[in-house]
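Laid out below as structure tokens are two forms of one and the same protein chain, each shown alone and named structure 1 and structure 2.
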Structure 1
């Protein structure tokens, strides 16, 4: 019989439609606006359709979600910023669309290079959020961000991110990617311990 498939499909749609109201009735207000509500509605055993009421509530961002990258700095004891980046330029080399520029800094007296970037630019109108820079960075200094609310009215003055705009503290990194941070921190501590042991010998 022709048209059977269409009827079947429409039946599924109708089922979802009805289930939405049934679910609304059963779970009440808790279904919207709360983290639990969003979590439940994005789980696989949810029944019915749902809409993410975006400005009031957000989808829960998975840890590996990536948007534009940012630079990590560690907070020192006196509140100074210890930038992890050593301006080695590996991220700029692996970047497929070539959106990273780094200016290395030099010691003003001796003229020898200092392992710290003088300038660090990322053109986020070229960046394709692939995450290769974060993948290749040997110092865990560049990490993909979770912040996606970046729309602007003028791209020429806003969308080339400089060092100041890119730098974010390690605590922020820990907040958005707790598992990655813990794993990397473990490796870093092991390395530091090895280095200290070697220095003692």
Structure 2
């Protein structure tokens, strides 16, 4: 009332303005262009206003950040790829914008389905990055990526990702989401141990 709110808001703006320069003098050159400066500006303790000098500087991405999904494969002993996806189709069913298409592999002799996708497509222009596909996948085969720099000149030929473009190793998943990876691997090992125990009986 009577302009007190406007004055209060201007006071907050002035406080941030002053804190910015105080922090600049206190931290000197370390505040900009260094890993330490980026870590500080990514933290909750940052004071004042700041500008990230993108693309030279990038704020640290939190583990739970999600962008377009990718398919996980395990690396076998002889270097072969063991794709976790069994082409069950759950991800395509739960996808709200319906941007996932899967074509299941078939055994050429029997015509029966093989638990591996022959083709797997995601239209990343349509994907809304909700993460439901990763949440509902029973095999931990689809994970939300951290790569958000996807600008291209021709989106029609570049932004429909096929199976080869979507596949990334489990080591990459471990690097971008270490806590999630450790928790899922623990569950996978427990299930494998129970399965082995049942097989021995």
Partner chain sequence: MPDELNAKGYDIPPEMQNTVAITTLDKLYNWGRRYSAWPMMFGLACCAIEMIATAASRFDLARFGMEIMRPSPRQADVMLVSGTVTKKMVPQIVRLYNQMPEPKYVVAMGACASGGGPFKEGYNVVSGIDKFLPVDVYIPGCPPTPQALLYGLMKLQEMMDKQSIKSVRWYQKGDLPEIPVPILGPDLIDPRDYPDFEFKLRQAYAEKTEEEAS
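Given the structure is predicted, the values throughout are model-derived calculations rather than measurements. C-alpha atoms forming the largest set that superposes within 1.5 Å between two forms make up the rigid core. Positions refer to the first chain, counted from 1.
Matching the description of the form predicted in complex with its partner chain is structure 1; structure 2 comes from elsewhere. Core-superposed comparison between the two structures: the CA of residue 195 stays below a 2 Å shift. Relative to the superposed rigid core, residue 14 undergoes a CA displacement of at least 2 Å between the two structures.
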